[in-house]
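As structure tokens, one chain now follows by itself in the form predicted on its own.
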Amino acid sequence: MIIGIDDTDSERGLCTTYLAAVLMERLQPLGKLQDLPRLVRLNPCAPFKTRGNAAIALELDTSRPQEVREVALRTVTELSDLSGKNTNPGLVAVDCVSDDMRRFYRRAVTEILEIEEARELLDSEGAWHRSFKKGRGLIGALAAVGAELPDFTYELIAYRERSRWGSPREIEAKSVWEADRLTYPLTWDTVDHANQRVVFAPHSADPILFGIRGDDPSALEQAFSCIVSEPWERRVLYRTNQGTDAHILAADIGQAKNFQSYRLHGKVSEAPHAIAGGHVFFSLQNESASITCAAFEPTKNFRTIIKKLHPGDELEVCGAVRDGTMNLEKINVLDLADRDMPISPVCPQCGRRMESAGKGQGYRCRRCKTRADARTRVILPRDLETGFYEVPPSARRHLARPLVRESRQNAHPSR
């Protein structure tokens, strides 16, 4: 049996992954959990998401399916914040995964789906499901059940004791930096070096104490053993699609739609400019279309890279489109345009710079009396290299693939 759960948290608290952690404990007498639980991030552009837009799937070998469904339903009822405006829990249980369910997952990561689509597929498959309020969580629950992860990473999450929920987290920052030093690059996005911030712990009132992400479970364990913090209630290792770019679609600029994430190719057509608030914008175009690209203030030092772009630079850009603007997650500088400036010509006899002879009269060397008709142009060096650049960990989306996972030599990780 595969159980999918989604949309149980709210902006104020609780957490779908915590619900799953409790459910796993409660299901132990009823069967044997198969493999690791899956933490599945869905379309980060979804307008009705609460926080991280995460759904959970558990696989259980059991001979008592009715009891499993009852325990799962009771747990969802108990640990969902039904008072949340955008909290609409969904619970799904299936015996096997169909191709239509797998396709539904791929669409849920990249598109905006309707609740009725999920209901119709569940009914056509004869799948057991329950929902609350609007039932939007059925979308994520079904997607989590159908999730295939050809590329995956891990996250080890520690949860707080209930008596501490809502209070400031007690984590020794020095131990977090040491954990990162010992395990990077097998773990990543624990700290933000450029902005000197610890980023692996949330600031909301939810039950998560911290989460360590990476490619190697043993490295996650090593990092976990370094952390000095308040006592934790429980911990779970998840397999996840985080850090994989599963949300990114390859497309032409003219095909880009709102609420979806893309990889687009084009040339800079307008020099980057900053507006009040520190946001930086430029225009990217190809032969038939253009789009505004933005590095918003939270991307911090990434904006410095964007400001170095120049009209004519050839780029690939990745990010989410909202209101016709691409919110940049990373860029690949493919080719740098020549940038030049006019300068006075050099006297061929003495090697000194000539001076203007007057408006419309060209240039002359006062010493040698030589003349030239116009200024020459010199190519300026570019303070930018080709290759990949990314936003810092403090601004990274869960699904965005960090450059530390790239084997390319022309990647410039944010640290």
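Note that residue numbering follows the sequence shown and begins at 1. Computed from a prediction, not measured in an experiment: that's the story for all the values here.
The next section is about a form of this same protein that is not shown, the form predicted together with ligand ATP.
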Non-hydrogen atom within 4.5 angstroms of ligand ATP in the model of the complex for each of Glu148, Phe152 and Thr244: no
Contact segment among 301-309, 106-114, 321-329, 161-169, judged by heavy atoms lying within 4.5 Å of ligand ATP in the model of the complex: 106-114
Ligand ATP contact at Arg136 in the model of the complex, heavy atom, 4.5 Å: yes
Heavy atom of Ala46 within 4.5 Å of ligand ATP in the model of the complex: yes
Arg41 within 4.5 Å of ligand ATP in the model of the complex, heavy atoms: yes
Ligand ATP contact in the model of the complex: Gly52, any heavy atom under 4.5 Å: yes
Ligand ATP in the model of the complex - contacting residues of 1-16, heavy atom within 4.5 Å: Asp6, Asp7, Asp9, Thr16
